[in-house]
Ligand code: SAM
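Okay, so here's just one chain, in structure tokens, the form predicted on its own.
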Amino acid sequence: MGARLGQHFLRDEGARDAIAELSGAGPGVAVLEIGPGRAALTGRLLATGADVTAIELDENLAAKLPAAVGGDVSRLTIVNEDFLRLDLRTLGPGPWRIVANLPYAVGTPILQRILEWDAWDQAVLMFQKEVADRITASPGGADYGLLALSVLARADAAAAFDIPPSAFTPPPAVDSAVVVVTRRAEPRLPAAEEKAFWRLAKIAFAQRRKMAAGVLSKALGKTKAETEAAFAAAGLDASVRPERIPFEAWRALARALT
């Protein structure tokens, strides 16, 4: 995506090489690059011997991609589409290794679409650092919330490294960070539990500074005794706030209260 679409082009070779290494790209590996831009990462991924499919929204950048890569592009497939609207079934069964320097404005929606897809095993994704911190947050901190829970429902995420504004053209106003997301073979949250789980979590995090038991009791029409019993069964104190409730405890609360 071009700068007009909110993309900052990676130019730091050290960061580029580190991302390519994290991706595990190599001969016989199918890599899906979202938003290749000016091919800073694309060329490095192809150099590993991987087969690279690059999804680029900007028509001009997509047309210039083979020349920007240079050399042998026989293992490069270019898809001039919006990843958020693309029929992912057309990409094939995978498993894909996903690599992306995501525009800040659409990073979270793209992550959510990746999480709902089942044809990938690992993704190395770059976000605004603030968003990366929310993705990888653990219970107990201000960054922990619905975004972290949505990742935990289907995957495991780990922070890799930060990247300063000087690594990009044009430089953004904030730091960026790379996150490695590994898809779980079986989701932590079964489909049958999703509706109740997200209902509770969204209610509680809408008032995250309040005690979750009180908020949920009122919203669900439960007595104080019923709610406190559910919290106790989940191993939680009734005074706990949403940001301190682990993923599995949310599951237990959803089963008990809905």
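What you see is a predicted model, and the numbers here were worked out from it, not measured in a lab. Don't overthink the numbering: it's just position in the shown sequence, from 1.
Just so you know, the form predicted together with the named molecule exists too; it's not on screen, but the next bit is about it.
Among A20, V240, A249, L10, the residue placing a heavy atom within 4.5 Å of the named molecule in the predicted bound form is L10.
Listed residues L189, I55, V69, V215 were compared with the named molecule in the predicted bound form; I55 is the one with a heavy atom within 4.5 Å.
A residue is said to contact a partner when one of its heavy atoms sits within 4.5 Å of a partner heavy atom; V106 meets this definition for the named molecule in the predicted bound form. Residue contact with the named molecule in the predicted bound form: Y144 places no heavy atom within 4.5 Å of it. In the predicted bound form, L111 stays away from the named molecule, with no heavy atom inside 4.5 Å. Proximity of L102 to the named molecule in the predicted bound form: non-hydrogen atoms within 4.5 Å are present. In plain terms, the part of the chain that comes close to the named molecule in the predicted bound form, with a heavy atom within 4.5 Å, is 35-43 out of 229-237, 216-224, 198-206, 35-43.
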